[in-house]
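Quick heads-up: it's one chain on its own, the form predicted alone, in structure tokens.
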Amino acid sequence: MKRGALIVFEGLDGCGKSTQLSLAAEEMRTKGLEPVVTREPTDGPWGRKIRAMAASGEAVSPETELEWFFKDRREHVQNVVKPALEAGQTVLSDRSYISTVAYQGARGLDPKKILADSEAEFERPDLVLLFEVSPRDGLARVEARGGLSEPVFENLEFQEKVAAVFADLQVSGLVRIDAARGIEAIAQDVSDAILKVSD
């Protein structure tokens, strides 16, 4: 059976990736396809631990944070991502190890080492959609939708550091998308990029 495709949606908080993932999934369903829609951090024990930490405003050490993300991802890949790909399904993931490279890299860890370790262990995405928006605009969107729910990550100084790592990112399958435009224009770019992977 032909292996499925792993498509990940990445970017700063408030970049619109979750909205675009939902639109992409809906478009695929209209074509008779049923993508596996998932996210990181997951709803598993380690993912819940990460979300609780992020919402508390009390950060753990960068090393501990990185360890938690890797543990969450191992379970996610083993239980969700890998089985779906082996079954020939398309996986749409809201974040992946690419976010760990950027976010934990912004914490002061080595982004290149995180990337190398991740690519050595986990399934590599066939397509990385990176939605680019200014940190200030992204946070304004987060605030508009109901406030800063994760103060550990959702602050301007930190988001600017994350944006700098994303700006230097070089991985195969990377497509940078201007996320400052309207939803429809962005969705068209997403659709075009996914079509190229699907062909």
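From 1 onward, residues are counted along the sequence shown. Source: prediction; values computed, not measured.
One more form of this protein should be noted, the form predicted together with thymidine-5'-diphosphate, which is absent from this view; the next part is about it.
- Item | is_contact(Arg51, thymidine-5'-diphosphate) in the predicted complex, heavy atom dist at most 4.5 Å | Residue-level check for Arg51: yes, a contact with thymidine-5'-diphosphate.
- Message: Residue-level question: is Asp94 within 4.5 Å of thymidine-5'-diphosphate in the predicted complex, judged on heavy atoms?
- Response: Judged by the heavy-atom cut-off of 4.5 Å, Asp94 is in contact with thymidine-5'-diphosphate in the predicted complex.
- Message: I'd like to check something about Arg73: if you look in the predicted complex, is any of its heavy atoms closer than or equal to 4.5 Å to a heavy atom of thymidine-5'-diphosphate?
- Response: Within the cut-off, so yes.
- Task: Consider Phe131 of the chain shown here, and say whether it contacts thymidine-5'-diphosphate in the predicted complex, taking contact as heavy atoms within 4.5 Å.
- Result: Because no heavy atom of Phe131 falls inside 4.5 Å of thymidine-5'-diphosphate in the predicted complex, the answer is no.
- Message: At 4.5 Å between heavy atoms, only one of the stretches 133 to 141, 168 to 176, 56 to 64, 37 to 45 reaches thymidine-5'-diphosphate in the predicted complex; which one is it?
- Response: Within 4.5 Å of the partner lies stretch 37 to 45.
- Looking at thymidine-5'-diphosphate in the predicted complex, which residues in 96 to 119 have at least one heavy atom within 4.5 Å of it? Those in contact are Ser96, Ser99, Thr100, Tyr103, Gln104.
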